[in-house]
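This document starts with one chain, in the form predicted on its own, laid out as structure tokens.
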């Protein structure tokens, strides 16, 4: 994992890769700015502080906010980080720069098409809209361009993964007996998870939503498209988190002044996410009547297993940071915290993001619990949790990591560390206000996904505080978050326009305290882990999908929903298997 030090080494050694990364970051940051602006308008509109749009347009901005931030910003940044990590850890360029630009171009084209379809909702005369929110399943329908753009974007991510696997294959031919470098191991396991999980949304978009939006088929099975979305919709959370984990495991310990505590534990964590993240999506559908309660209980049980890799990460990262603090002279049970480099925006931002992620983990346990979920389902609690995990753990880590990564790929010094420090703290404070208010509003029963949460002749009650106070916190939090994004973009823009420096930032990453030699080689058997992950998905989804198709009137709907049972799905599977066996036996006989 170690490399020679040298501030501008990466951009000098891998100029083509640096250009790819800069292009990915550019699109990510433009999306961040637009999405954050939409978020500010929504926060002020919902709270009645300032209304500059019609409530009907709120849903257009809500869709843009979700798609541009939760899909475009996060995944383009991920592509940049992963491209850097593979080239750096394998110490070799991509096999084809043209192929790398191809997936950047395909993802960018898909992004533009989807964004045009969304923004078309603000211009009624265009006859184009995509007010389907971030969760783009039926019965809400978007313009075909929206789905076509999404399909191109997803295929682009598949090609980016292929790019990194090709680099790994070439490296493996030259290093047949070596362990996979940790950062490349993280990238490959994450992409395997992505390939498995995006099959669901790809089937939904290509075979159902695009033909439906083009008028080629009259109807779709809404529960089927909803289930296929959540088949992908939960693992995408870990697709967002994995680049943050990569930075926490490999860069944060170095910024703290220490070394990663355990390479083997990091590998185990990424493998557990590969195995466990996909067979759990039904926990988003506890209130859907077309899925049997037994399948929901299984999904809840599987979800609880996901706490293990998160807890392992908390232990490993905190131990690594403490090691760094003690190398700096820190002592005592807690006084070592004072020895950490809190004036460094990259370190402080990542550390605060990790702390907020712990809080998000606790609220996530509420979401995952099958019975207690009923209390907060479809309330403002859910976006409150989302803003803690994706909005802080992921987004703040990505912004903080940019203060260390952008100088690596541009060869320029960070424009201002004080502005960076102010920015990450402002984001943290803004998110404390917003997420606290959203969670408490959810407990009071205030709904999400609406521009008009205020009902006539009805008052929401809060155990402590008041609804007015919660609205003020949301408006204040949204304003601080938007100002934080403005500071971030300002700092990164001036950094990119600065003059090249001989040593903008130390790029050296130290070896872990416990290296890969201490772990069994079977951890690197990616083919075996992929097979196990696929089997778990088949076990978790075969019967529920069979029941959904049977109860919902077939693949394309048209039937009346009936109460779901485990036996219904089981009967359909057995009928299908028996029919297939009889057909096969007839051919053989």
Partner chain sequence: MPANADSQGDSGQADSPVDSIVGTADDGIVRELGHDDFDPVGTLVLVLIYMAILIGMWVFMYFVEFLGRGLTVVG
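Residue numbers count along the first chain shown, from 1. Worth saying up front: this structure is predicted, and the values here are computed from it rather than measured.
In what follows, reference is made to the form predicted in complex with its partner chain, a form of this protein that is not presented.
Engineer: Select, from the options 179-187, 80-88, 398-406, 473-481, the stretch whose residues sit within 4.5 angstroms of its partner chain in the predicted bound form by heavy atom distance.
Structural biologist: Selected range: 398-406.
Engineer: Of the residues 162, 203, 128, 444, which one places a heavy atom within 4.5 Å of its partner chain in the predicted bound form?
Structural biologist: None of the others qualify; the residue that does is 444.
Engineer: Looking at 109, 496, 519, 327 here, can you tell me which has any non-hydrogen atom within 4.5 angstroms of its partner chain in the predicted bound form?
Structural biologist: Checking each option against its partner chain in the predicted bound form, the one that comes within 4.5 Å is 327.
Engineer: Determine whether any heavy atom of residue 92 comes within 4.5 Å of a heavy atom of its partner chain in the predicted bound form, and answer yes or no.
Structural biologist: Judged by the heavy-atom cut-off of 4.5 Å, residue 92 is well away from its partner chain in the predicted bound form.
Engineer: Using a 4.5 Å heavy atom cut-off, state whether residue 168 contacts its partner chain in the predicted bound form.
Structural biologist: Heavy-atom contact with its partner chain at 4.5 Å: absent for residue 168.
Engineer: Is residue 505 near its partner chain? Define near as a heavy atom within 4.5 Å, in the predicted bound form.
Structural biologist: Answer yes; at least one heavy atom of residue 505 falls within 4.5 Å of its partner chain in the predicted bound form.
Engineer: Mark residue 341 yes when one of its heavy atoms lies within 4.5 Å of a heavy atom of its partner chain in the predicted bound form, and no otherwise.
Structural biologist: Taking the distances in the predicted bound form, the answer for residue 341 is yes, it comes within 4.5 Å of its partner chain.
Engineer: Suppose contact means a heavy atom within 4.5 Å; in the predicted bound form, does that hold for all of 256, 346 and 414 with its partner chain?
Structural biologist: Checking in the predicted bound form: 256, 346 and 414 are all within 4.5 Å of its partner chain.
Engineer: In sequence order, which positions of 315-331 have a non-hydrogen atom within 4.5 Å of its partner chain in the predicted bound form?
Structural biologist: If the 4.5 Å heavy-atom criterion is applied to its partner chain in the predicted bound form, 315-331 yields 315, 318, 319, 322, 323, 326, 327, 328, 329, 330, 331.
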